[in-house]
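Below, in structure tokens: the form predicted alone, a single chain.
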């Protein structure tokens, strides 16, 4: 009975010493975390923030997105909603179609590409899996490097990425002063 009590006490002491060793080792190592906002991190290489639209090379207010909806279909959390409209046919296109029916051969009219109206990301449900960015045929999606995304309500994390892209382009193009 006494031997059992002594053995339990020794096991408890051994457990305490092992715990103190781990604590002591970590106590003398340099800090890994920073105390934001007093300190900031110099390099955020590898950081994956929310998904954002990539601006078009010719027009920074428009996205490279061709509204194929692959990202909407592949998203496992259904957090992407896209709205696109097909432009109405112009009078010139109708005339060209009429000329073809009369037997005159002209170059075939180009198919009208859908125009992106809104691209909404519900970041509340996004798991940052990256399937949308990986599947995009035009490279219109990428991960943001915005580490300062914060809000007080869930509605603040439902983001219209197209409107955000347009605001960013306007602020970059606005004259200073």
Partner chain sequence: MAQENQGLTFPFADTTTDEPIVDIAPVRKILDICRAMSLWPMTFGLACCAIEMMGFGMARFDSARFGAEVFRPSPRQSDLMIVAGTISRKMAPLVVRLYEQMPGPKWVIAMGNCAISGGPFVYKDQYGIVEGVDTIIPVDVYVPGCPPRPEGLLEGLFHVQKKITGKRWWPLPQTAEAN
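The term rigid core refers to the maximal set of C-alpha atoms that superpose within 1.5 Å between the two forms. Source: prediction; values computed, not measured. Residue numbers count along the first chain shown, from 1.
Just so it is clear, the following notes concern the form predicted together with the partner chain, a form of the same protein that is not shown.
Between the options 54, 66, 120, 44, the residue in contact with the partner chain in the model of the complex by a heavy atom within 4.5 angstroms is 44. Contact check for residue 166: no non-hydrogen atom falls within 4.5 Å of the partner chain in the model of the complex. Remark: residue 37 counts among the residues lining the partner chain in the model of the complex, judged by a heavy atom distance of 4.5 Å or less. None of the heavy atoms of residue 138 is located within 4.5 Å of the partner chain in the model of the complex.
The partner chain in the model of the complex comes within 4.5 Å of a heavy atom belonging to residue 151. For the partner-free chain shown, 124, 125, 126, 127, 128, 144, 145, 146, 147, 148, 149, 150, 151, 152, 153, 154, 157 of 124-163 come within 4.5 angstroms of the partner chain in the model of the complex, judged by any non-hydrogen atom. Taking the rigid core as fixed, one finds a CA shift for residue 35 of 2 Å or more between this form and the one not shown.
With the core superposed, residue 145 shows a C-alpha displacement below 2 Å between this form and the one not shown. For residue 26, a C-alpha deviation of 2 angstroms or more is recorded between this form and the one not shown after rigid-core alignment.
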